[in-house]
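Presented below, as structure tokens, is a lone chain in the form predicted on its own.
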Amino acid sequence: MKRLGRIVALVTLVVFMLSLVLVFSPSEKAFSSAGGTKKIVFWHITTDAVGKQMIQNQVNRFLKAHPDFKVEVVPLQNDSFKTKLKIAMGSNQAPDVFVTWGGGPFFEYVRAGKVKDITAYMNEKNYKSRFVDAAFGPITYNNKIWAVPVEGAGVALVWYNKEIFKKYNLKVPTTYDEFLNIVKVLKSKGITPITLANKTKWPGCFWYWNLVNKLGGASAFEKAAERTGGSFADEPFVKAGQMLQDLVKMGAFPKGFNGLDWDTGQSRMLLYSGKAAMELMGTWQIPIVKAEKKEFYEKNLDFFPFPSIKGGKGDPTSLVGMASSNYYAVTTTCKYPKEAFNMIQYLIDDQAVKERINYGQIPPVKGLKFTDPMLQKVYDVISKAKSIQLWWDQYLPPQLAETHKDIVQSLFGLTITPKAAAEKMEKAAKEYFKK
């Protein structure tokens, strides 16, 4: 048995070493120095040609100002990045700077002592004030800041057909009661009030997340997800399920919505044709509609933030999504944290902001002006938001996120009660976190 144990241990060691070889190809080596050379290793996930070059140009400006440094820039595909980072963190071969979405999985690295506290850097010369306030939620933990907001915003908003609203004298709602009245009017006119393609589950989750956010405030989800005194079976989660199913029973969504595919534009086609009037979707709706139906974008498309709910604890300005879709953090193994932080600053300085707007982003920086009125309007809404609740499927561990999306799709299908759905999610969270 002892011999067998040694063999198993040897095989395990060999597999582990091979995994490191596979994970770190020569161009992706994750060490911060080579001999006496000052070096920063930087992992990001912007892999399209324009975005990749934009980041490289920004790094090049840092290098021009710091000729004694080298930066190894490593663009990685989204999914492979997650795997590589997990292995790199576990084997103490992490890059010096890495991209993050913030939230629960990121805070696991923070709690493990893998991430550099950059609060002092952010406060130096009041650098923090450069960014919109809501950008700091996903990367603030224990009242400390752990990453820099850099990439553009993405939040969920209710997009609507202006022509239909004008035809039936409908005003943009600010309360959920007003919103429900619009649903009733549209239904009476034979128009599908809300288009939805929920085959991939996340579009439907947008409704549930916004309802919980307005009912219980941002802390309702965060306390449940962090296991800090909250439960997914708490009242806001049950009530959100009830309100969601009320919409389904009212006929607010198109027939067969749980089988419609958002990626192929099945929900948007209903919006373009005037058969449906509204869609709750992310701000990526802007370039997509612009590309698919430019005339509709220019004449008919507009949006409003998710309305507030009477008696709800959520701030009226609160949103769901991200003020910055990607943040950049410095690891504790980085030998040059101050310079690494400075390199990140080049990614979002004034020159970088111009480049990012041209790239089609809404940078998480205060005081910006846009030539496109739609972008300006979105930016104004984001700038005024007191909180932005991170997408739940980004915040939760992947296994739990999938369970949650399945549960919400069942809610839409009326195959589970709101109370049973909330209790099922809480049970899954307890089993995952062991608390």
Partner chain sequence: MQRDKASKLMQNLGILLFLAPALILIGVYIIWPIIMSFDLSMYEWDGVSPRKLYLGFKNWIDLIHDSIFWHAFGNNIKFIFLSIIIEMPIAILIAVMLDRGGKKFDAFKSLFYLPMLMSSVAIGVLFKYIYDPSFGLLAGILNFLHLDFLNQDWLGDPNVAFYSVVAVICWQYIPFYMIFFIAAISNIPHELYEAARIDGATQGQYFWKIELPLLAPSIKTACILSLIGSLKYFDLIYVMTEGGPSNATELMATYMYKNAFASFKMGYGSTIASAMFIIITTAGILAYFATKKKEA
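If you're wondering where the values come from, they're calculated on a predicted model, not measured in any experiment. Residue numbers count along the first chain shown, from 1.
Keep in mind that the form predicted in complex with its partner chain is missing from the display, and what follows is about it.
The chain is drawn here without its partner chain; in the predicted bound form, the stretch among 382-390, 59-67, 406-414, 362-370 whose residues come within 4.5 Å of it by any heavy atom is 406-414.
Contact check at 4.5 Å (heavy atoms) against its partner chain in the predicted bound form: all three of Ile87, Glu108 and Ala112 pass. Contact with its partner chain in the predicted bound form, defined as a heavy atom within 4.5 Å, holds for exactly one of Glu298, Asp177, Asp350, Asp79, namely Asp79.
The contact with its partner chain in the predicted bound form, taken as any heavy atom within 4.5 Å, belongs to Met269 out of Ile288, Val248, Leu170, Met269. Taking the partner from elsewhere, Lys255 is found to have a heavy atom lying within 4.5 Å of its partner chain in the predicted bound form. Contact annotation for Thr228: none of its heavy atoms lies within 4.5 Å of its partner chain in the predicted bound form. Its partner chain is not shown here, and in the predicted bound form it never comes within 4.5 Å of any heavy atom of Gly190. The closest heavy atom approach of Gln345 to its partner chain in the predicted bound form falls outside 4.5 Å.
Along 334-370, no residue reaches a heavy atom to within 4.5 Å of its partner chain in the predicted bound form. Relative to this form, Ser219 and Val115 separate from one another in the predicted bound form, with their C-alpha atoms ending up at least 3 Å farther apart. One change in the predicted bound form concerns Tyr141 and Ala224, whose Cα atoms lie at least 3 Å farther apart than in this form.
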